[in-house]
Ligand SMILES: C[S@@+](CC[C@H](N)C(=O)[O-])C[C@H]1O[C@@H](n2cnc3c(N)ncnc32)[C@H](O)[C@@H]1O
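Below you'll find only one chain, the form predicted on its own, shown as structure tokens.
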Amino acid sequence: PLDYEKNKVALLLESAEYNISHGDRLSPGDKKRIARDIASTDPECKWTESALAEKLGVIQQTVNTWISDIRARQKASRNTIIIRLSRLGWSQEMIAEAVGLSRNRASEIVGNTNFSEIDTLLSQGHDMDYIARHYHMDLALTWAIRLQGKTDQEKFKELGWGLRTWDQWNFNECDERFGDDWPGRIPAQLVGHTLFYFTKPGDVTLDPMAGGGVASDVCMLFERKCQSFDIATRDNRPEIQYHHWESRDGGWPIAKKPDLIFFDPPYFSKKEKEYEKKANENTPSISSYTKEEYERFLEGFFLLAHKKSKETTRMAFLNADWRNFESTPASKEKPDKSITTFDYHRLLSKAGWKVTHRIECPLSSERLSGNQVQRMQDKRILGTVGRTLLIARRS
């Protein structure tokens, strides 16, 4: 049978062409609707205004009038992708391939970008959400452009992030300006502090399990380059490329050795159902692994990363403690059923990484209701909110 969705444009145009002079003639309103339907589903502009005009039996100027607003948004969206990828350190060749333009044209778009109106719009009382809509850009990119050239400390101040001086980073709330709504979403402030202390502008960060794109947004904000990968890719995140990490095949998707590997994998056994919705049978989320499989995967990745990185590369590994405490009194818990920062430290050391910093980034305890807490206390169950950022370098 004919797949309507795949052949929708061809069918619309063929029926329109026949109905120009035969049968139930198309009205100007019908033709306009068809032109806009086609333009809306054609972001790469494969159907030019002249081609649509010929099929619909009107002049090109008429089609221009009908779809100019759609094409303007599509052009702005394409240009936004080009600017985003450029700021994240993508080569002109990679950008051109991603958006379907020539390298010269992609380079021209980057070079001709002008956002000088941002300060004017701010002085007129407009907020950043308005400015993002004005330029047809996402909010993270808009902030990155506004803060370009400022020091890291100035950016922290402009963002309203208090700069933490000690190794206890309590960030219970995610900054909604950066990253998508995603299982296990982490606070952008946490990534920002990691970049502040362990990288400098222009450094390359590898985000092997990018999830909702928080790390790439923050790298762009702080003028660091970033290469992002995940098994779940989507159109609104062009910087996240598909890669399934399999340490046995030695696959390493980037040529340039990173200065920082920001590794925030799905935590063991946490949000397993949510992660599974983003994965598939061939590439399941590691949150569904057994403890032995999970540890084996991490060790394999640490070994591969050690082999593929340079002497000065740092690993920033974020993970949470897991203990089967939900129905077990603290005195009866079995250590072999848990996985904690001690295990992660051991796996890093075994793979040739020397841990230099341990930064506590606890999870919020407010995720449990008052009744749940009371039941835990009655049964002498000791919960855990432990989440640790381990910073390591090659030994």
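In case it trips you up, residue 1 is the first one in the sequence shown, and so on. Remember, predicted model here, so these are calculated numbers, not experimental data.
The form predicted in complex with the named molecule is left out here; the points below concern that form.
Student: Heavy atoms within 4.5 Å of the named molecule in the predicted bound form: which stretch in 309-317, 88-96, 153-161, 202-210 meets that?
Tutor: Residues of 202-210 come within 4.5 Å of the partner.
Student: Answer for R103 alone: is it within 4.5 Å of the named molecule in the predicted bound form, judged on heavy atom distances?
Tutor: R103: no contact with the named molecule in the predicted bound form.
Student: Give a yes/no on whether P238 approaches the named molecule to within 4.5 Å in the predicted bound form, heavy atoms considered.
Tutor: Answer no; every heavy atom of P238 is more than 4.5 Å from the named molecule in the predicted bound form.
Student: Under a 4.5 Å heavy atom criterion, is S285 part of the interface with the named molecule in the predicted bound form?
Tutor: S285: contacts the named molecule in the predicted bound form.
Student: Just checking whether D138 would be counted as a contact of the named molecule in the predicted bound form - the rule being heavy atoms within 4.5 angstroms.
Tutor: No.
Student: Tell me, out of V214, C226, L221, A305, which residue has a non-hydrogen atom within 4.5 angstroms of the named molecule in the predicted bound form.
Tutor: If I apply the 4.5 Å criterion carefully, the residue I get is V214.
Student: Looking at L260, I82, I186, A144, which has any heavy atom no more than 4.5 Å from the named molecule in the predicted bound form?
Tutor: Checking each option against the named molecule in the predicted bound form, the one that comes within 4.5 Å is I186.
Student: Judged by heavy atoms and a 4.5 Å cut-off, are W182, H243 and P265 together in contact with the named molecule in the predicted bound form?
Tutor: Yes: W182, H243 and P265 each sit within 4.5 Å of the named molecule in the predicted bound form.
Student: If we check the named molecule in the predicted bound form, which of the residues in 222-236 reach within 4.5 angstroms of it by a non-hydrogen atom?
Tutor: Heavy-atom contacts to the named molecule in the predicted bound form: D230, I231, A232.
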